[in-house]
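Here's a solo chain for you in C-alpha cells, the form predicted on its own.
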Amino acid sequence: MATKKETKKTVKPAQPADGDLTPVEVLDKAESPVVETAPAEIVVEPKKKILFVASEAAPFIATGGLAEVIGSLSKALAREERYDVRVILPLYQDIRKEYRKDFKFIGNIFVPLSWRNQYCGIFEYVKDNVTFYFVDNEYYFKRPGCYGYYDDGERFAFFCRSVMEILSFVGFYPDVLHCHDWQAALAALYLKTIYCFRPEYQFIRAVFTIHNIEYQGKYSLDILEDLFGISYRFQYLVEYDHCINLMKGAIECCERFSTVSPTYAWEIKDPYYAHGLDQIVRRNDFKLCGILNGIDPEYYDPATDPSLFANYSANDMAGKAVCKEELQKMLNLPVKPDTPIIAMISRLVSHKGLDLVREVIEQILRQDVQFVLLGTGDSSYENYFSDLARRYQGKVVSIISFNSDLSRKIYAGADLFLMPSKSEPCGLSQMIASRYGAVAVVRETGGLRDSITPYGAGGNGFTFGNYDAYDMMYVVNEALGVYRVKEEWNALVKRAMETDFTWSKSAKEYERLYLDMLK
C-alpha cells in the first residue's frame, strides 16, 4: 500500500533585532547598498497602417454615397491612436477649391502602364488626423466630373498603378489596402500579380468593398495587356462571361471582400441582385461580410446645420415647424402646418422604385398631402414628375436638379421620406432623413432593411417587403394615419432622430475585419 510522502519544512531562522547586533554588524547593515529594480520596459505597439483607395471622398469631391463612406470611415478610424489612416484619390479638376489651395506638392514620379510611362504628381493634405494623397495627371483628370468618359478604364488603371508606385515614394507600406468599387479594383490586382514579388509589398493584405454590384468594370479581353498592363497569364483572374470583369478580379485576389450592409451581402448571392456575379460571390462566400454604413453626426446635425431655416434637436422640435413653413413658402406650396409633406431625394432611375411611385402617386394625392421630389436621372422619370407637378400645382413640386443645400432644407421640412428601392446596397438618405426628423418609409431591401425598423414593432419608420405599388401605398397610408395622432407621431419622430446611425459601431466592425485579416 502506497504511503503518503512526507515533505520537509524548511524553518527560516529569526532575524535578530538591531539591538541584538554587534557594532560591526550594525555598520555592515547600514552600509549595504539598496538594490533598486529597474522599471519594466514599456513596449509601444506600432500603429496599424490602413490605406483607402477610392475614386472620390467627402468633403473634397462627391457624386454619391461612396464619398460619404470614405470621408467618414477614415475619420472614425483615425480617432483611434492605434491606426495610421491614409486615403489616395485622383486630383480631379472639380475638387473643391477651398481645399485644393492648401494641398502640398510633395514630388512627382513616372508610372509604368503597359507601354506608357506617365507623369504622376503627388499632393498631400491632412484633415482630421487622416493623410490624403492626390494623384495628379492632367491628361486623365483635368476634366469636368469624375466618370462617364470613353477611356475610364485607362484613367483608373493609371490611378491604381500610381497607388502602387506612390507607396515606395512616400515610404508607406500599409498593413491593409482597402479598395472601393471597380474604379479601385485594379489596385488589388496589381498588388497580387505584379508587386507581390517585391519584399516590401508581400505582407500587404487587401480588402475590397462593393458599394454597388451593378457597376463592375467590364472591358474586352483584347486590351488586358495593352491597356491594363496585366499579363495574359493572369487572364483567369479577371475573365468572366467572355470579358474582363475588374470587380470579379478584385474578389478573387483579395483576402476579404465586403458590402455596405449585412442584408446586401446576403442578397448578392442571388441572381436577382447580383447582375451576373452571383456565382463568383457564392464561390468566395467564405471571405464575404456585410458592414452597415453610417453617417457623420457632426456633418448631419439639425442643431447646427447652417443650411436650415431654423435649428432644432430631438429635445426641442420648435425649429422643425419653422423649417416646414419656410420650405412651403420657398416652393410656393400652401402653408399648412397640419398637411404632411412626403419627400423624395433620389437619382431618378428604375432601381430606386420610381415605377411604384408612378403607379399610385395620384391615388395618394387624393388625400390632404404635399409631395416634393428632388433629383435627376432618366428622362422618362424627369418628364413624368415635371408633368405631375404641372397637373397638381399646390400639391406637388418636382425639382429636376441636384442641390445639396436644398436637400438639407427638404429633409428638415418634410414629415415623411419615401424610399421604395428595388435594390439598395446601403442607402444614406433614409439615415439622414431620420436624423432630421423626416420619418422614413422604405422597402425591406439591403441597408434599408438593416437601418429602418417597422413602427408596429416599436421601430423608427415604416417598411414593406414585396416590391409592389399597393403594398407601398398601404404603408404610406398607415404612416399618414399615425401622423394624425400627434402624440404618437411626435414620439416616433423623436425615436427616429435618436437612432444611432454614427460610424462608431461600423468602424469597430471594420477594425475586427482588419485584425482578422492580419492574423
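Note that the structure is predicted; figures quoted are calculated from it, not measured. A residue's number is simply how far along the shown sequence it sits, counting from 1.
Not pictured, yet referred to below: the form predicted together with a small molecule.
Heavy atoms within 4.5 Å of the small molecule in the predicted bound form map, among the stretches 427-435, 112-120, 408-416, 197-205, onto 427-435 alone.
By the criterion of a heavy atom within 4.5 Å, P454 is excluded from the residues contacting the small molecule in the predicted bound form. The small molecule in the predicted bound form comes within 4.5 Å of no heavy atom belonging to C254.
Contact check for L66: a heavy atom falls within 4.5 Å of the small molecule in the predicted bound form.
In the predicted bound form, N212 approaches the small molecule with a heavy atom inside 4.5 Å. The single contact residue among V397, I244, A76, V260, judged by any heavy atom lying within 4.5 Å of the small molecule in the predicted bound form, is V260.
Residue N293 is the only one of Q370, N293, Q216, S72 with a heavy atom lying within 4.5 Å of the small molecule in the predicted bound form.
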